[in-house]
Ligand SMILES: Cc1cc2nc3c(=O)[nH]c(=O)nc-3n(C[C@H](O)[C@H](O)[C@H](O)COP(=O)(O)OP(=O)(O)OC[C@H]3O[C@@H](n4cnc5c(N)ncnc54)[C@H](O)[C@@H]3O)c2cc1C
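Presented below, as structure tokens, is a lone chain in the form predicted on its own.
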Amino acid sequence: MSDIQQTDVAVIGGGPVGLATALLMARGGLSVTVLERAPLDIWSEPGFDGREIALTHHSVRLLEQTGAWAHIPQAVVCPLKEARIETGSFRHPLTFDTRGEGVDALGWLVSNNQIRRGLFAAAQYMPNITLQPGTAVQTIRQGQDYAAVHHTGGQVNAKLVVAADGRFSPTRQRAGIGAIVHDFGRSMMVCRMAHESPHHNVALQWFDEGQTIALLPVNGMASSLVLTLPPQEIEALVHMPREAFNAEIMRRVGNRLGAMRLVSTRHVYPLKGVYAHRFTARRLALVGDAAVGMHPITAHGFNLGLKGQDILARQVLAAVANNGDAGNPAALRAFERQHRKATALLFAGTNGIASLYTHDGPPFRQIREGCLRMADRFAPFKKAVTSLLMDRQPSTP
């Protein structure tokens, strides 16, 4: 075993939220060690995983602040001009756009792997960040003055441990923190489809009978398809020959964008929402999906993850400036209060919306249609939702 390493903050999990946490902490003057299970080649150059992330204005500012935005090619950033929500064959969509907002885009769509690459590139050049790939955490001892993280390469002693290791976080489980787990009984398939008709930078969320479809615009004549179905139906689609798959997708989307063809690999994710009972313990904080794993129906999961680590970084850096302790209990309690306030109602509301819009019995169809009609006519509601989608609040100075 190597010598014991000393650091201010140990981040477990080198995904986007973990790396963003490391960058904000490091830019505040703290030493940070990031422990990631994946080998270096996969961590630094992650492959396409099908997921397109709808970044809010606040998230883009945070990525700029971390230095990651400069490493994301602008050719892969697609502005989102309008969002449409439809249900069944009811032709009265609920639309959200930027009219009256003084900006050109609701947000920006960027592939998840491009965001990961940008954050890794920024982190590897920060002198007070230590990146440790191929490292599996074995145990964590949370003491009075520091936490000892034992891993496959040795030991790290940190004033604060940040769990950013996913919605089924082993770190959360080791700390004895339970979680609400909502299994929606559905799987989500994501892939990229080229099409003959332009998308006009409009994102569509369509709740059809027996399926939920999202078409998210990417640059060029292509969109990211997000299809939600029972797991066995998704499994059949994933293994369907390409030509048959193209025909089946065109049938499912009602030929909205003309001829379509698959231009990427297909990826499947189970739909499970997770909300941790607590976001903190002694010298431990949960961020990203380890704290709150959202249903993707409102496209807020990644943005909430970035917002959560931003709150944590602000509280920790203030505590260090005040008393020198990155694991200050009062700072962690303040982070938990603020992050719970930002996520609890949204998590519950998202689960409710997902349940309402994935049941096809007669009462649910009528309720959905009525809700869309009323919501589209109620200007204050549309303005409030547009503001939520854009999230233009200032980031950490």
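For every residue, the number given is its place in the sequence shown, counted from 1. Given the structure is predicted, the values throughout are model-derived calculations rather than measurements.
What comes next is about the form predicted together with the ligand, which is not displayed.
Mapping the unseen interface onto this chain, residue 120 falls outside it, with no heavy atom inside 4.5 Å of the ligand in the predicted bound form. The ligand is not shown here, but in the predicted bound form it comes within 4.5 Å of a heavy atom of residue 288. By the criterion of a heavy atom within 4.5 Å, residue 93 is excluded from the residues contacting the ligand in the predicted bound form. In the predicted bound form, the ligand lies farther than 4.5 Å from every heavy atom of residue 27.
Comment: 166-174 is the region of 74-82, 236-244, 166-174, 321-329 lying near the ligand in the predicted bound form, near meaning a non-hydrogen atom within 4.5 Å. Contact residues in stretch 7-25 (any heavy atom within 4.5 Å of the ligand, taken in the predicted bound form) are 12, 13, 14, 15, 16, 17, 18.
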